[in-house]
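Listed next as structure tokens is one chain, alone, in the form predicted on its own.
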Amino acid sequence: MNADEVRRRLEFYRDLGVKQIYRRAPRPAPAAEADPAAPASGDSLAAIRLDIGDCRRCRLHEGRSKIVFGSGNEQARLVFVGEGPGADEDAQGVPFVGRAGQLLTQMIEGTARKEGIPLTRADVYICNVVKCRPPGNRTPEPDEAEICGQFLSRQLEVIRPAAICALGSTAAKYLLNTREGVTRLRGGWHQWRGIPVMVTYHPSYLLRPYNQNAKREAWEDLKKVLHFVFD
């Protein structure tokens, strides 16, 4: 419609006694169907947990008791990422509460205390690549890690810590998209989406009596992480 037509139309309505004309707002476009595993603007840990729901996206749900989402400080500057829940974690719904978890707590708090850093387990955030216990504590299959790992990625994007400590091969391979093992990766810095990542041994590996050298190396790795984040 050109300017003359608009003017004539307005004059016509004026002659009818119409004093105001309202323009209807355009109808919003239909929203695209949401992918519950995709990160979203304004995402939160609570929203991610809600999206996981009673997850049955992979075979791991078949033997689980509880989904083990994560625990700790939701604004943590340091996040620890492990492989998956064990029997104690599956029973309680909290990550790293069994023997390996108790060792991890001792490592975090003991190293922090020796280095003069005021830090407890409650100050960090701890989660796993997969949220359901693999049968017999086996290593998660690649498709299981990929499906569940999308929620881990959202967790890390929400928290955006100063650093991530990857505990063991499964966490390192998922975060760094590599086939390299812990022995090659540990001790140096890597990156996940711009966040520095330190790889070290999983606490369950350190519980084995013949891994004395690995224990020393893990303590050194943790010391390096703590000073990087909190100095």
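Residue numbers run from 1 along the displayed sequence. Bear in mind that the values here come from a model prediction, so they are computed numbers and not experimental data.
From this point on, the text means the form predicted together with a small molecule, which you will not see here.
**Student:** Within 4.5 angstroms, counting heavy atoms, which one of the listed stretches 112 to 120, 148 to 156, 85 to 93, 69 to 77 is next to the small molecule in the predicted complex?
**Tutor:** Stretch with heavy atoms near the partner: 85 to 93.
**Student:** Verify the contact flag for Lys173: yes if a non-hydrogen atom of it lies within 4.5 Å of a non-hydrogen atom of the small molecule in the predicted complex, no if not.
**Tutor:** Because no heavy atom of Lys173 falls inside 4.5 Å of the small molecule in the predicted complex, the answer is no.
**Student:** Please tell me whether any heavy atom belonging to His202 falls inside 4.5 Å of a heavy atom of the small molecule, as the geometry stands in the predicted complex.
**Tutor:** Looking in the predicted complex, residue contacts with the small molecule include His202, since a heavy atom lies within 4.5 Å.
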